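So this first bit is one chain, no partners, the form predicted alone, shown in structure tokens.
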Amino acid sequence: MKVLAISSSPRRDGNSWTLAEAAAKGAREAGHEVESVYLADFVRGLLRDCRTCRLSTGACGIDDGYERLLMDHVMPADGLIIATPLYWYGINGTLKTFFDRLFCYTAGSSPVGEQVSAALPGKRIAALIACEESYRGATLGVEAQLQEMTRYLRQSLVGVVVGVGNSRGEVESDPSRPLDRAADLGRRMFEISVTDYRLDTERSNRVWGSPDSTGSWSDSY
């Protein structure tokens, strides 16, 4: 599988980057093809009023690397590792801009709207959050936001790892071992079962399948 690791922090060797590299390492160990990028290298312009900045062709008129990131890196990936520091109890501003500007490329007026809209669903998403607070509620808003954004895009949020730290690289000292958990998430991101039941969802009364002849549990998904 192709995996794209996105570090959204402007600090290139900070805690969220460290988490992203750990998850990327795990994905490589699982045999996946992994590419890592810094979001700030591509995304510089904020979302504007499309009625004023679209080109005559309908294409986005914001002149930065966003389209190249989306078309050449995000769309071909089967899975995304998304790392963000906690900024004012939300995701990093550059990462928010990345999601905001998807509108420009999925709208019906975009010349690539159908192509982009067809390529985004089905991806597996692993989320990593660097935070200086151990208070559990500090990152719940971010987790809920990422859950709803991926759900809207018909993607699967396979897991969230929070690492606590402030100084550069301090997340490595977090006794909850977030780097190990990030590596494990990257390693298993295409194996983790993600369920989102509705009233009419067909399902058995088992979550993890049935024991086979060896006594091991087979996956029911």
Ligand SMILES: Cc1cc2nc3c(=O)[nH]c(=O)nc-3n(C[C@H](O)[C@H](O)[C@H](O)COP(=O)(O)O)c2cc1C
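No experiment lies behind these values; they were computed from the predicted model shown. Position 1 is the first residue in the sequence shown; the rest follow in order.
The same protein has a further form, the form predicted together with the named molecule, not shown here; the description that follows concerns it.
Contact annotation for the candidate site: 9, 16 and 165 all lie close to the named molecule in the predicted bound form (heavy atom within 4.5 Å). A residue is said to contact a partner when one of its heavy atoms sits within 4.5 Å of a partner heavy atom; residue 78 fails this definition for the named molecule in the predicted bound form, lying far away. In the predicted bound form, no heavy atom of residue 128 sits within 4.5 Å of the named molecule.
Although the partner is absent from this view, residue 100 stays clear of the named molecule in the predicted bound form, with no non-hydrogen atom inside 4.5 angstroms. Residue 86 belongs to the set of residues with a heavy atom inside 4.5 Å of the named molecule in the predicted bound form.
Residues of just one listed stretch (145 to 153, 130 to 138, 70 to 78, 113 to 121) have heavy atoms within 4.5 Å of the named molecule in the predicted bound form: 130 to 138.
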